[in-house]
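The chain below stands alone and is given as structure tokens, in the form predicted alone.
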Amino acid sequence: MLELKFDYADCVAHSEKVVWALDDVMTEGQPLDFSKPFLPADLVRHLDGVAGLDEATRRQLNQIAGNAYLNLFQFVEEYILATMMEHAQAEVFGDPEALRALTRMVDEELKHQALFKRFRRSFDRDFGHSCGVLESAAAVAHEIMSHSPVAVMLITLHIEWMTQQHYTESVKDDVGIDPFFKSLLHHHWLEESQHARIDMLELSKLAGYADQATRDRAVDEYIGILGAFDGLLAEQVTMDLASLESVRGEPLGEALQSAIREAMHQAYRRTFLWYGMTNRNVISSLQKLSPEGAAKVTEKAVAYA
């Protein structure tokens, strides 16, 4: 239905070219360097307008957000794993190339989770202060997967094309961030690039079985999932503020806390919501599935910029 110019065999071939081993990227217990920011300036641009933060505090807040950023990927990959295992099971007696692509994707997503958990252990040890992150991955996975298959695949497409855009537009050419953190994101991008194409193949397959009313409802569900995720981002901001106060050893003050909360929430919104909602591949797919739904997404994305 999406008239794609690649197939599952192409995804497998790409995966075989870029595959990497976990220990080659990060060994267990590897120390971290906190002398530079982790996230590129573009992904935390809203913090530029917050007065009253010295350079050291801005860097610490950036690193707290970087830790949360990786955890959020590990968080959402919980449901992606479960979803793709279901899709692979459906191909056991079907298309062998689709089965190969899907099972490789499952294995790679498991590796990404292991990498991000390994990073978090080193971060918790070396940063010197406990930093809260979202923990309810299984419950959120269950909630997302309660939606229609087309809606679930839409949010998956959103996440994985968003990941691509983060790296190519914000991370790749930023020379000011920690090179090790940049390497983690580079290796994640290498494999997610073919995952996004698998998502499009699976979405095309599912949408081909759905009538227009079903596709329109799926887009509404997708928008609803994004709204719920926005609530989780607000929870993460609250934890980030508590972490920053712990690092500083003193309260931020009501005015400064309010300014940081607003800036961080909007930064997370732009990073995790706006990027996906405005990605050209996501928009193109939405327009083919539901022109009316695509218009709704474009309209709602403005608030998350």
Partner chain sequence: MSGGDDIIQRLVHVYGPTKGEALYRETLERTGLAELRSPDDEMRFADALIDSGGLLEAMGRSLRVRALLRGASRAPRADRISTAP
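In this text the structure is predicted, and so the values were computed from the model without any measurement. Positions refer to the first chain, counted from 1.
This next part talks about the form predicted in complex with the partner chain, which is not shown.
Stretch in contact in the predicted complex with the partner chain, which is absent here, among 109-117, 83-91, 174-182, 228-236 (heavy atoms within 4.5 Å): Among the listed stretches, the partner-contacting one is 83-91.
Answer option from Ala196, Leu206, Val133, Leu190, heavy atom within 4.5 Å of the partner chain in the predicted complex: Partner contact (heavy atom, 4.5 Å) among the options: Leu206.
Residues of 16-46 having any heavy atom within 4.5 Å of the partner chain in the predicted complex, listed in sequence order: Read in sequence order, no residue approaches the partner chain (within 4.5 Å, in the predicted complex).
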